[in-house]
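Shown next are two forms of a single protein chain, provided one at a time as C-alpha cells under the names structure 1 and structure 2.
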Structure 1
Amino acid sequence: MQNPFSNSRKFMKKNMGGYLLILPSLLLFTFFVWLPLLKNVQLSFYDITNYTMDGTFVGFDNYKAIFNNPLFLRSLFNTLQYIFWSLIIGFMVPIFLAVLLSEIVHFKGLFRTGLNIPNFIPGIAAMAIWVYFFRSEQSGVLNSLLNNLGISQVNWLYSPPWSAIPLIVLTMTWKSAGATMLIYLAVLQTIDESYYEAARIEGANAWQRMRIVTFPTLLTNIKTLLILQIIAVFQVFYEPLLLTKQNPYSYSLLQILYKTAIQDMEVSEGAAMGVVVALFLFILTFIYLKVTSTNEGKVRKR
C-alpha cells in the first residue's frame, strides 16, 4: 500500500497546476456565460425598474405577464413555424447539394467555392442585401427580374401572410447551406467505391444504391446537424428584424426579447423571456450532446 499522503500531495500538485492554467478561462466563462444565466433567472423573479439591481420580489408575475402577452405567444408559435420550414428547406438542401456535388467530376472546386461564399458574408449585411431583393414593389430586385421576363410582381414576404417565414428560412439556407454541405461532402468522400460496386453486382439501380449506401453513411451526421438546425432556428433574430421588421406573422422570440429587455428597458420581463428560451435550448442541447456522444461511442467500438 502506498502512502496516502504523498499520493494526495502528488494529486494536489497535478490538480493545482491544471486549475491554475485553466483559471483565467474559467473566470471568463463565469463572467460572460454562467453568471449572466443565473442572474437572468434571479431577475425574472423581481420587478426591476431600470438597470440597477434594486427591485422587489414578485414571484412568477413576470412569467404571467409574458404568457399574457399576445405578441410573445405569437412569437412562440412563429418559432414552431420557423422550425417546420427549416426542416423542410434548411435541412434538406445541404444534403441534396452534397450528393450532387459528390457525383460530379467537372468544375467541382468552382462549385464548392461559389456555394460557400454566402457563408462568409456577415449576417446583417446578407439580410440587408435580401431586403432589396424581396421588396414588394415593382422595383424590388426579384420583381424587376420577373418584370423583365414578363411576369407580374409578387408580394414576396407578405402574400400569403405566412410566406415570410419560409422565405426567411430560405435566405438563412442560402447563407449556411454551403458550409453544411461541406460536412456531408467530406463524409461522402469516405465511402469506399467497393460498397457501390457490391451493390451494383447485386443488381441495385441508382436509387437503390443511394438508399443502401449513401444515406446510411450520412445518417450520423444527419442526426447531429438536424438538432443543430433546430437550435439555430430558435436564435432567429436579425433576419426578420431587417426583412419584415415587426410584422406579427414572422416576429421571432429573440426579437421580442431584445425589444423588451433593451429597447423598452423592461429588464425583468426580458429576463423571464430569456429563461423560457434558455430552457428550450438547454433541452435541445442536452439531446444534441446525447446524440453525439452515442455517435462517438459507436466510432470507438468500430
Structure 2
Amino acid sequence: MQNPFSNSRKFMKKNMGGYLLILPSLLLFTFFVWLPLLKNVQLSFYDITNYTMDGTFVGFDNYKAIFNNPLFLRSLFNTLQYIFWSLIIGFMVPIFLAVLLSEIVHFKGLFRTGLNIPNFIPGIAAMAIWVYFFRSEQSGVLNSLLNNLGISQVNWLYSPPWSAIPLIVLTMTWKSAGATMLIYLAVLQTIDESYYEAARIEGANAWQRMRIVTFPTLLTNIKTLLILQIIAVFQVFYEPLLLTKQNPYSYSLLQILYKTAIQDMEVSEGAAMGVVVALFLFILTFIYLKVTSTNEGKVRKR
C-alpha cells in the first residue's frame, strides 16, 4: 500500500520552489488587501467616530442607515447610469475602430499609435484637459465655438442635470477605447483570410462578411470585455470628482464612499458602503469568471 505521506513529501519537494516564489506576493496581498477588507467589514458593524475600535456594536444599523440615505441611493442610481451610458456610448467604439483599422492598408501603424495615445495620458491629466474643454465660462472650448456661432454658452456639466454622466462617459471612452481596440485588433489578425475569400466567392458583401466571419470570432472577447467594462465603470471615481466636483447628479458609489468616510469622518457608514460596493464587485467578478471558464471550455472542445 502506497504511503500518502510519502506522496505529500514528494509533492512539497517538487513544488517548494514555486511556493517560495509566490510567498512574498501572497504576504503583500494578504496585508494590503484581505486584512483591510476584513477590518472594513468589522468596522461596518460598529458605531465609530474615528478610526479606532472604541465604538459600540450596532449590528446592521449602519447598513440600514446608508440605504435610508438619499445621497447613497442617488449615487447607486448614478452608477447604474454610468454603466448604461458606457454600454451605449463606449462599448461599440473599440470594436468599430478595430474593424476599421483591420481594413486599412496603408499607415496602419500610424493610426494604431494615434488612436492609442490617450491611453498613455495619466488619468488626472486627461480629465484636466476635458475640464478646460467643458468649462462653463466663455473661455471653455465648446462655449467658445458656440459663441463664434452666435449661440449662448452652456453649463455643460451642471445644467441640465442629466447631461453630466453621458459627457463623463464620453471622456472615459476617449481615454480607454484605444487600449481595448488593440485587444480586438489582435483577435481580428488571427482570422484566416481564406474565410473572407470564401464569403466573397459566395457573394457576401462587406456587412455580411462581418456578420458571418468577424463578429462570431470576436464574440468570446466581447462577452469577456463586456463584464470587465462593467466592473471598471462600477469603480468610477476620479472622473466625476474632477469634472463635476460636488454635483450630486454625477456622484458615483466610490465618490460618496470617499465623501462619507474621509471628508465627513462617518467611518461606520463609510465602511458599510465599502462592503456593499465590494459585494457588487464580487458578484460581477464571479460572473466574469464563469463567462471566461465557459469560453475556455468551448475553446478546448474545438
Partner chain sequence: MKKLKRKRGGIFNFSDYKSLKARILYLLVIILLVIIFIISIFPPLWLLLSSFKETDQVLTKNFSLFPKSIELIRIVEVWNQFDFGRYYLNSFLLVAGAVISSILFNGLLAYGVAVIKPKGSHVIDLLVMSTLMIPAIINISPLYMNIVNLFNSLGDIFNTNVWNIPYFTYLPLWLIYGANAYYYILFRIYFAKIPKTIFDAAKIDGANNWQIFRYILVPLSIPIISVVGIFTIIAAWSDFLLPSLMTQINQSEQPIMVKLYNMFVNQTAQVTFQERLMTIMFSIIPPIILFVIFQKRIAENVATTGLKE
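Whichever C-alpha set is largest while still superposing within 1.5 Å between the two forms counts as the rigid core. Here the structure is a predicted model, which is why all the values come from computation and not from measurement. Sequence positions of structure 1, starting at 1, serve as the residue numbers.
Structure 2, not structure 1, is the form predicted alone. The two forms, fitted on the rigid core, differ between structure 1 and structure 2 by 2 Å or more at the CA of L23.
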